[in-house]
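There is one chain below, alone, in structure tokens, taken in the form predicted on its own.
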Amino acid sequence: MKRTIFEKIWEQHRIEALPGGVDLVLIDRILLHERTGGIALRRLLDRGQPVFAPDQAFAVMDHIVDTFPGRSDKTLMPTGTEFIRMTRDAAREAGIRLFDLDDPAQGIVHVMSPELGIVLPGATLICPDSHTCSQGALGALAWGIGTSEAEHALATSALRLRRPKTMRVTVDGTLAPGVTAKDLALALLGRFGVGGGSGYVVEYAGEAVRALEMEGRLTLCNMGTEFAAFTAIIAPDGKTLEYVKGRRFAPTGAEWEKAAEQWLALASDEGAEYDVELSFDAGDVAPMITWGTSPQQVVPIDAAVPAVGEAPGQGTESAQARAREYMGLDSGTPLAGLPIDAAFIGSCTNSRISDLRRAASLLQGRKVAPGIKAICVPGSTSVKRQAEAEGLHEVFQAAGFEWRESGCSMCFFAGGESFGPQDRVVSSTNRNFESRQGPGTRTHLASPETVAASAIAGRIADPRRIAS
């Protein structure tokens, strides 16, 4: 029987088939952060229940921590300090590994886990965070859960799950120069909508996907949750093995050789069947920019806000009308040239070293336009350390960007810091919902290059028009 990569991993981890079409599935790794994971862990311990496999659980401070230099447990978010201290105390009590604020491996959970080799091909990995699907880029079955499920998994290393359906999105062709994995992710949402992958395990395949480096694959899988997918996954290949080898929690020696052979065998069999097949030509993708309040409300950067009825796949007419009103835009308004107030580079989508290098290449020798608030937040302390070793922080600072400690920061308002009402922000994050980056803030999603180019111009700008 021909099987997909998802089916192979699922069958390897199925403990038992239960009544009602539900399976009991073994969980290899559990990730927690202080915004939700600490709550689940605390509840478990308060019931007198130990963590079943503490060496397979990891906690990190990332979501509501301040990212200002010289930070401490204090946060701008009310009660944020309590969340941090509760998670720290619970992790120590449970005996699970904690990457605290001062840990050299601290970072956004979906950035530091691949960096450390916590996520491995063929593994099952969960975290009470919707962007856990990012880690499917390494060929793992990784998905977001709720706090109650996290509590159960901590106690048992297993979860009851109804087997999701499968979808393959084949992206052939070649991305043009200046077009990134973020642009591809946004283009897919604009073509198929935020409900296009609803409930499916989405496998990304094809020439353009294979050509992506690992950090680009992480970006693409990251926005699987915006596609409403159960998760996203990419089959392991030589790039995957090269990325994983030598990382802190990766196997070594003879175990590595055995694991590498098994991981490469996870690729979907030729002729394996999927419930849904979609295809896309990477050559059709340009630098993308969102115009509305949903990631699917997106157009090429040289296009305009769609007129009523012009983009039926980007939400109902009433939803689009509300988005235009919130964003202060009319149908037919060109996106390029639109004045902005702020620029943000960061988040689990686009804050890795390759993202910062590409943005810095545009900022080199240039200045952020007067009046623009520009912030760069590395995705992990390791990324920050590497960027500083390469002098990238000096490029960002000389250009006029704030250079921060790692964390989720202004990807969302939960950290307590925000942009202002009606401020128009170009952001490398993953969501542009109403007030996502602060009450009344208007967010345009784009690649780090587009953020950098726009910060320099003081208005939404095409990064291809700025020589690197």
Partner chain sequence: MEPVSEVSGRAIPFGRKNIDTDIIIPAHWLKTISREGLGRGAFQALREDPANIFDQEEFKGAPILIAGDNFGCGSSREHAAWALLDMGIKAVIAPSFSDIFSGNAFKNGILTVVLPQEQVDRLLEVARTDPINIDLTTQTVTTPFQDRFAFEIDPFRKHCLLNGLDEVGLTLSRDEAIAGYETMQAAQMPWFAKGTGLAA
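Residue numbers count along the first chain shown, from 1. Please read all numbers here as calculations on a predicted model, not as lab measurements.
Here the subject shifts to the form predicted in complex with its partner chain, a form of this protein not shown in this document.
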> Just one of 206, 144, 190, 300 has a heavy atom within 4.5 Å of its partner chain in the model of the complex. Which one?
Replying inline: 144
>> Can you work out which of 307, 398, 155, 276 has a heavy atom no more than 4.5 Å from its partner chain in the model of the complex?
In response: 155
>> Only one of these stretches, 398-406, 418-426, 66-74, 42-50, has heavy atoms within 4.5 Å of its partner chain in the model of the complex; which one is it?
In response: 42-50
> residue 459 near its partner chain in the model of the complex, any heavy atom under 4.5 Å?
Replying inline: no
> Would residue 123 sit within 4.5 Å of its partner chain in the model of the complex, counting heavy atoms only?
Replying inline: yes
> residue 361: heavy atom within 4.5 Å of its partner chain in the model of the complex?
Replying inline: no
>> So in the model of the complex, is its partner chain close enough to residue 322 to count as touching (4.5 Å, heavy atoms)?
In response: yes
>> For its partner chain, considered in the model of the complex: do all three of 182, 284 and 334 come within 4.5 Å of it, counting heavy atoms only?
In response: no
>> For the stretch 123-144, I need every residue with any heavy atom inside 4.5 Å of its partner chain in the model of the complex, listed N to C.
In response: 123, 128, 129, 130, 144
